[in-house]
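Coming up is one lone chain in structure tokens, specifically the form predicted alone.
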């Protein structure tokens, strides 16, 4: 059991996770989390289900979302936390982002077809279950078609950056994405900056200086892809720029089998005091 830990970065079957929102809430309660956030990609469809199950279990729930933005050649991810449970303005903006994703998905399918691996777009959408369709669902379709042995193989051979079927995403500019979330979220956090192995302290420092005036309020320091050095850099830079700190496992269920809810790869420990600080600074 996790003593008074929280997890503010998880995904459900509403985007590219494999657990339903309700099942995710049950897992969070079963493993002893004091609170968790659902932060599906470009989608809030799972929030109501997760919130209802969390309430039944007397578990603190934080509604959230994750979107991607582009700064030069670099793709960055932004979390919005403490979202309203329903917002027509936000949903309209997320629908526009998903439309860009759909265009990219079709381009990927076209490339796979040219490589002799035609897939049915409807089958890919069915595998997604929710509105947010992404490369993990295309990978699952490739496995089902017998083109690859596993989803990881699909990314290594065809779907990953630099591979034959890779197509870069059209993404909002950072100020556009941050402003979109800041209208709805008191906490807007730059997610897992060191997920990219080429990110440096100096570049991150510059990014935070640029994003802070746009409405960025937090930085995700604790993450499955952050080692102790990267976490410490994030904590130091959060203090420097007057940002709050967020953290989470980035749990995706079976789509990231090595990442456990609450503890990530065994290196994530987000204390409940962090949530207390977020609520004190931003949510009253």
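Nothing here was measured: the structure is a model prediction, and the numbers come from that model. Numbering follows the first chain given and starts at 1.
Not pictured, yet referred to below: the form predicted together with a small molecule.
Novice: Look at the candidate spot formed by 211, 212 and 282 and say whether the small molecule comes within 4.5 Å of a heavy atom in all three of them in the predicted complex.
Specialist: Checked in the predicted complex: no contact with the small molecule for any of the three.
Novice: Select, from the options 99-107, 182-190, 197-205, 112-120, the stretch whose residues sit within 4.5 angstroms of the small molecule in the predicted complex by heavy atom distance.
Specialist: So the stretch in question is 99-107.
Novice: Could you tell me which one of 226, 27, 252, 60 places a heavy atom within 4.5 Å of the small molecule in the predicted complex?
Specialist: It is 252.
Novice: Does at least one non-hydrogen atom of residue 125 fall within 4.5 angstroms of the small molecule in the predicted complex?
Specialist: Looking in the predicted complex, residue contacts with the small molecule do not include residue 125, since no heavy atom lies within 4.5 Å.
Novice: Can you work out whether residue 16 and the small molecule are in contact in the predicted complex, taking contact to mean some heavy atom pair no more than 4.5 Å apart?
Specialist: Close contact exists here: in the predicted complex, residue 16 approaches the small molecule to within 4.5 Å, heavy atoms only.
Novice: Residue-level contact is defined here as any heavy atom of the residue lying within 4.5 Å of the small molecule in the predicted complex; does residue 155 satisfy this criterion?
Specialist: Close contact exists here: in the predicted complex, residue 155 approaches the small molecule to within 4.5 Å, heavy atoms only.
Novice: Evaluate residue 169 for contact with the small molecule in the predicted complex, applying a 4.5 angstroms cut-off between non-hydrogen atoms, and reply yes or no.
Specialist: Taking the distances in the predicted complex, the answer for residue 169 is yes, it comes within 4.5 Å of the small molecule.
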